[in-house]
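One chain comes next, on its own, written as structure tokens: the form predicted alone.
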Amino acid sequence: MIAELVSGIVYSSIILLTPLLLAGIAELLVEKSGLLNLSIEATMLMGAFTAFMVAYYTQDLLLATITAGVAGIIMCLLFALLTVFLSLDQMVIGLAMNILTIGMTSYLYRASFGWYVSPVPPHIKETIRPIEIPVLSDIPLIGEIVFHQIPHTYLAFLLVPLVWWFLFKTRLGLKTRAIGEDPQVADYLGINVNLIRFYILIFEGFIVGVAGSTLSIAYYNMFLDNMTQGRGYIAIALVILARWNPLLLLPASFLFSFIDAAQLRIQASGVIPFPYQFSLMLPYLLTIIVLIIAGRKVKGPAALAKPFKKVR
């Protein structure tokens, strides 16, 4: 009984982990280049909205996922224009884009389906289903939990070692870390700071857009206003908790998701009687506590969130 409960929580944790890990690994790479993109919340939300709209009208989930990635790229291109090329304040632009996207997606959703979409909102017939990996999915206990997930989850797990290898084992990764520490010195050495940041933001846009698509066409079969519910901000907090290390981001994301999955099980079982509002805030509360304990002396990239202007 206990084993089934634990395995169920772990399986749910991996499901909840997927959008956080996808957004977190992309944001970690961007922050390593010295940019702080708070608008990944907006990018996820736009990805969720775009994926649902495409899936609703075409019934093609692959096309919906790819289109969500393209929508994410467009969002990050806007961020790049304002912060990389115009050197505007990154935090102000990020927050402004988040507020704008909440209103824009809500308006476009109602403009498409009418202003009164309750009590039964528009939904799609099919959602993205888990895929079993041959042989590995037959491993007792672990196979059913880890290797029976949606494709987005496998992509998230794959990106962790790939981003680590890119950052610490390639020349381009070394340049990325260099401009995150001191873009002026990197510029003097002949590194094209703005171009590298631009390409990294395009990568982030696609990955975060795909992360948003999991919410509307994998976990749910509909779009809801502000359905990201702060996941972009949580992803940024997890990057800090992971000390900007891709390999540590996976356990950090799993910790948050495990607590989230556990509180959902507690609410469903009714074994521990306490207000559901406390259950909902539990993963966020514990994340803050862990950040206070483990993140006090953590130092990120020296140039993080600082505008860069080419001087030569």
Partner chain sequence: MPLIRLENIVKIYPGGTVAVDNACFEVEKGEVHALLGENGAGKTTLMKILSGCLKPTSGSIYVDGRRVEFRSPAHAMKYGIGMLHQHFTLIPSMSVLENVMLGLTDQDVKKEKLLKDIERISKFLRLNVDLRSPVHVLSVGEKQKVEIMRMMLLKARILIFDEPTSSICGPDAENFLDMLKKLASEGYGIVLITHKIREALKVCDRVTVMRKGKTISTLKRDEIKDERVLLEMMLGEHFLPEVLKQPREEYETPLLIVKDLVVKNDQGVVKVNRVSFEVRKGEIFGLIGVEGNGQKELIESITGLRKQLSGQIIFNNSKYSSSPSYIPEERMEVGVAPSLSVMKNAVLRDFEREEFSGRYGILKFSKIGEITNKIIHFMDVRTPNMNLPVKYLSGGNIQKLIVGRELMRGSELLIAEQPTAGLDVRSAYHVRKNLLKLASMGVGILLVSSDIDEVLEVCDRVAVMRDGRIVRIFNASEADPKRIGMYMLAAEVGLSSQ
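Numbering follows the first chain given and starts at 1. Quantities reported herein were computed from a predicted structural model and do not represent experimental measurements.
The next section is about a form of this same protein that is not shown, the form predicted together with the partner chain.
Interface residue among H148, H123, K175, R110, judged by heavy atoms within 4.5 Å of the partner chain in the predicted complex: K175. Of the residues L141, I99, V185, L136, just one reaches the partner chain in the predicted complex with a heavy atom at 4.5 Å or closer; this is V185. Taking the partner from elsewhere, G190 is found to have a heavy atom lying within 4.5 Å of the partner chain in the predicted complex. Although the partner is absent here, R129 is not a contact residue: none of its heavy atoms lies within 4.5 angstroms of the partner chain in the predicted complex. In the predicted complex, D225 stays away from the partner chain, with no heavy atom inside 4.5 Å. Though the partner is left out of this view, E181 does reach within 4.5 Å of the partner chain in the predicted complex, counting heavy atoms only. The chain is drawn here without the partner chain; in the predicted complex, the stretch among 86-94, 67-75, 230-238, 190-198 whose residues come within 4.5 Å of it by any heavy atom is 190-198.
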